[in-house]
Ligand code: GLN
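Okay, so here's just one chain, in structure tokens, the form predicted alone.
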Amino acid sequence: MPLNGKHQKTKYIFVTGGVTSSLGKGIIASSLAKLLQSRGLSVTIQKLDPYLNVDPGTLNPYEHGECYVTDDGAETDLDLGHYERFLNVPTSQANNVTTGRIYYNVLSKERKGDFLGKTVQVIPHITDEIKRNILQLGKSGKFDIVITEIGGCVGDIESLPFLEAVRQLKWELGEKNMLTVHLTLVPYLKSAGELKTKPTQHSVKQLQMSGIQPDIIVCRTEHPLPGDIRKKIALFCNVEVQSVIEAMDAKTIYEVPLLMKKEKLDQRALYMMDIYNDKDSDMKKWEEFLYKFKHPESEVRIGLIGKYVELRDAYKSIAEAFIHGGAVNKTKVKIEWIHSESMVAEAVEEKLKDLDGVLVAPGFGERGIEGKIAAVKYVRENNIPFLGICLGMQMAVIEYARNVLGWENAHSTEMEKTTEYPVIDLMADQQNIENKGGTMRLGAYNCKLSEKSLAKKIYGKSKISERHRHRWEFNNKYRTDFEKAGLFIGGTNPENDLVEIIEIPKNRFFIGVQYHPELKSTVLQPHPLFVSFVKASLDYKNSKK
């Protein structure tokens, strides 16, 4: 879609950060994108990560939080989850590029002889590959504006090639076709009673040393920026006062787009890129969602049982999906973070008896498995609403085999290769795979829902598409045994008959899914499974009164 119906080039916005990590570049990028989208522009966001891993797929969640998965099977940074939740537009492999991927591509070309014997160097070969990846989305013709978030901090050695590529693009694209937004910190020193601009000045100076002059400076702060502070930053950082944007700490990330609208960040960006847009940003639906979220009429306590709960970003999309599902039900979802290793026999009832619902989270490896199985047993027997995701669904299968079918040794071959009853087994196409990165069953796959299933009632249709990330599956060898024992198969893959959904019809809400529904939940399209799970948890809570 060309800008305003006219044939113009795609515009590019780069978001950099300084002073410290975790300032929220992804949220600022997402908020700006949302405001521009609400004006009728077609926008996408990509993330350039400076680490040498080819993708986050092999990273421990403690290292990097959750690994987000796109429809086309890319394993990406968790910031892409923010992009999708804000924009309600799917991302792809092209939306996340690491230094490792850049070097991998360049070295693959070198091995093929594509450089005709020339010496391969950071400049121009690495920077050219970075630019190619940045421009790739724009050349698709789908987007008016491409926003690129540069990971890490200005001054990091790892980020230098990315910044050099951005510097080069300024002259290749033309001044009005590109914009640099720099996110920085303006700390408040309590002892002095002052906001301090020096960290921002040094951060901008570091960016200028890379040959990049920021066009807009967004200042993270705990206190409002008075006019004299804005003028000081503008003076020392070589920008106009209108280009100094206040980004006050917010109670929720979903307030940030409205704060940026108030600061006129989108207007400033459009003006500086010479884009004429006479539409005001329409954030009505967003405001309705935010009102429901901030003014709940009830509350439920849902236990999230996982093995990485010390770092809650490991389950970021699940936590956000609960916010979306809670808002629909005008209900605050209070997540009780429970480590699966803490679920020893004597602690299960104590930890779970007062909860309104339990979600057993995805994961890999043997650690904490018995705790998850014990939790499933308790909620199944006590008819507490249950949702199992990926490994959580597999643990529900194992628990049912052990305690209903009577197969005490039932297990997954992921944890016990010689188990007598391998009710969860390695997928056939995964048998001879040695490399770990990017080789799982990844991305969107179809699922046909059983006509009498609770899942069909929840989704309101017979065919769905959901994202996957797994190697092990329900073993169809035992399917008949499970069905005779009362476990209902709620959905299967139409191509290979893989079991995607299990249900226990006699329970008020007991669903396990092999896929990851949390990855498709957005502000404007909350995932129906989470909406229904929160509703079931609320109904259960009310039934106990």
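Keep in mind that what you see is a predicted model, and the values were worked out from it rather than measured. For every residue, the number given is its place in the sequence shown, counted from 1.
What follows is about the form predicted in complex with the ligand, which we do not show.
- Put simply, of R230, R469, H125, R268 only one has a heavy atom within 4.5 Å of the ligand in the predicted complex, and it is R469.
- In summary, among the residues V181, C219, V166, L391, the only one with a non-hydrogen atom within 4.5 Å of the ligand in the predicted complex is L391.
- The stretch among 361 to 369, 70 to 78, 453 to 461, 132 to 140 whose residues place heavy atoms within 4.5 Å of the ligand in the predicted complex is 361 to 369.
- Taking non-hydrogen atoms only, H516 approaches the ligand to within 4.5 angstroms in the predicted complex.
- Looking at D156, you'd find every heavy atom of it more than 4.5 angstroms from the ligand in the predicted complex.
- The shortest heavy atom separation between D215 and the ligand in the predicted complex exceeds 4.5 Å.
- The ligand in the predicted complex comes within 4.5 Å of no heavy atom belonging to E246.
- Contacts to the ligand in the predicted complex (heavy atom within 4.5 Å) from stretch 162 to 182: none.
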